[in-house]
Ligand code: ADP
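One chain comes next, on its own, written out as structure tokens in the form predicted on its own.
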Amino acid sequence: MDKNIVWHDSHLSKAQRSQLKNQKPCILWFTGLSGSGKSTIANALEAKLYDSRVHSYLLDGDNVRHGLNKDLGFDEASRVENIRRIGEVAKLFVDSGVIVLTAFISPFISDREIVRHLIEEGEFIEVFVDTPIAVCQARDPKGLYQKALSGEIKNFTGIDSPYEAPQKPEIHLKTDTITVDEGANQIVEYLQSKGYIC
């Protein structure tokens, strides 16, 4: 890093921002295969948090690639950089006292662990949206599996690029056996039980 770049401390602390919002900030990191239901459950959860007057923000993989990460491809190096940038942005949200929801395939354990270590202990909550690939392929909401299987898309997670499932996620949702609402409710209950929200 350039030695002329110096971190500028704010007059307000994360604790003060959190106290103002009456919540404990964290990253809810949704990970799973394409079509597993990450964005769907994250959206449902965000609505429930809003109804409870919880300050949150959802960062979705496709949306971020329209702007911040539009210069990145889908090769392994680009995927690593994609997650690094998202981790840094999510860290800023946590510092602001917000509960940030991130819905990204984020296929590599090492990348998710890098984000976990960017912030304080207890501020990273890994949400494994666990869905069998056969179910994801049957859903295929964007037609991506079909394109990957026909060779139109290369390096597609679950087809010709690996997905490394979380080993000890804080929250484990098996979306082939629960509804979207049940999944969102499980996360709300976790946040309440751990004191992130009232």
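All values reported here derive from a predicted model rather than from experimental measurement. Residue numbers here begin at 1 and follow the sequence given.
Heads up, the form predicted together with ligand ADP isn't pictured, but that's what we're talking about next.
A.B. asks: If contact means a heavy atom within 4.5 Å, which one of 157-165, 65-73, 45-53, 141-149 is the stretch that engages ligand ADP in the predicted bound form?
C.D. replies: Only one stretch passes the 4.5 Å heavy-atom test: 141-149.
A.B. asks: According to a 4.5 angstroms non-hydrogen atom cut-off, is Ile41 in contact with ligand ADP in the predicted bound form?
C.D. replies: Because a heavy atom of Ile41 falls inside 4.5 Å of ligand ADP in the predicted bound form, the answer is yes.
A.B. asks: Do Val188 and ligand ADP come within 4.5 Å of each other in the predicted bound form, heavy atoms counted?
C.D. replies: The answer is no: Val188 has no heavy atom within 4.5 Å of ligand ADP.
A.B. asks: Ser18: heavy atom within 4.5 Å of ligand ADP in the predicted bound form?
C.D. replies: Answer no; every heavy atom of Ser18 is more than 4.5 Å from ligand ADP in the predicted bound form.
A.B. asks: Wondering, does Leu33 line up within 4.5 Å of ligand ADP in the predicted bound form on heavy atoms?
C.D. replies: Looking in the predicted bound form, residue contacts with ligand ADP include Leu33, since a heavy atom lies within 4.5 Å.
A.B. asks: Counting only heavy atoms, which residues in 163-198 are within 4.5 Å of ligand ADP in the predicted bound form?
C.D. replies: Going through 163-198 in order - heavy atoms within 4.5 Å of ligand ADP in the predicted bound form - the hits are Thr175, Ile178, Thr179, Val180.
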